[in-house]
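In structure tokens, one chain follows: the form predicted alone.
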């Protein structure tokens, strides 16, 4: 018999896996999620699937319709814009906190991820692009003393799936986002807090790709 605590931990792990699959479009916006199919797909129990779905409902990634079931949320442009406005404000605040704390070793590691993202724009998958992009920002935010701020930023990233934000992307727009990463590094080295805050806002609010930031 599975211990209750272990079952809850499996449900949390399953929710994170499903969140990632929603983000990458493996579970597409508008798709109905049949619990029996999810059990088979993830090797989970009915209870674990139900708990994971309820967690995703709380995060706004899945919608529960009474007597109909669960469906991956499809995001309207207004909601996307509101989430990105909040992200822009918080990323500028976080940038102000870390600009004096990022050392040369971290900036060099950020450059590696910036190069990786730029290369993947042309030759990589959406998943590879997203991994490089997230790692760039994890490195940048690692020294931020306000951990609640960092946690909220990454939570906001997950609220709009990559599959949704990629709908309006072009290679040119992604390339512009890639160049922003190198400009971020330049501004940090110059300790230009004003310029960095301005760029973080542009990076998030341009109509190109709200998730690339």
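Numbering follows the first chain given and starts at 1. Remember, predicted model here, so these are calculated numbers, not experimental data.
Just so you know, the form predicted in complex with another copy of the chain exists too; it's not on screen, but the next bit is about it.
Put simply, of 41, 26, 34, 64 only one has a heavy atom within 4.5 Å of another copy of the chain in the predicted complex, and it is 64. In the predicted complex, another copy of the chain sits beyond 4.5 Å of every heavy atom of residue 173. Using a 4.5 Å cutoff between non-hydrogen atoms, residue 82 counts as a contact of another copy of the chain in the predicted complex. With a 4.5 Å cutoff on heavy atoms, residue 159 counts as touching another copy of the chain in the predicted complex. Contact check for residue 146: a heavy atom falls within 4.5 Å of another copy of the chain in the predicted complex. The stretch from 134-142, 87-95, 121-129, 104-112 that comes within 4.5 Å of another copy of the chain in the predicted complex, counting heavy atoms only, is 87-95. Although the partner is absent from the chain shown here, 54, 58 and 70 each have a heavy atom within 4.5 Å of another copy of the chain in the predicted complex.
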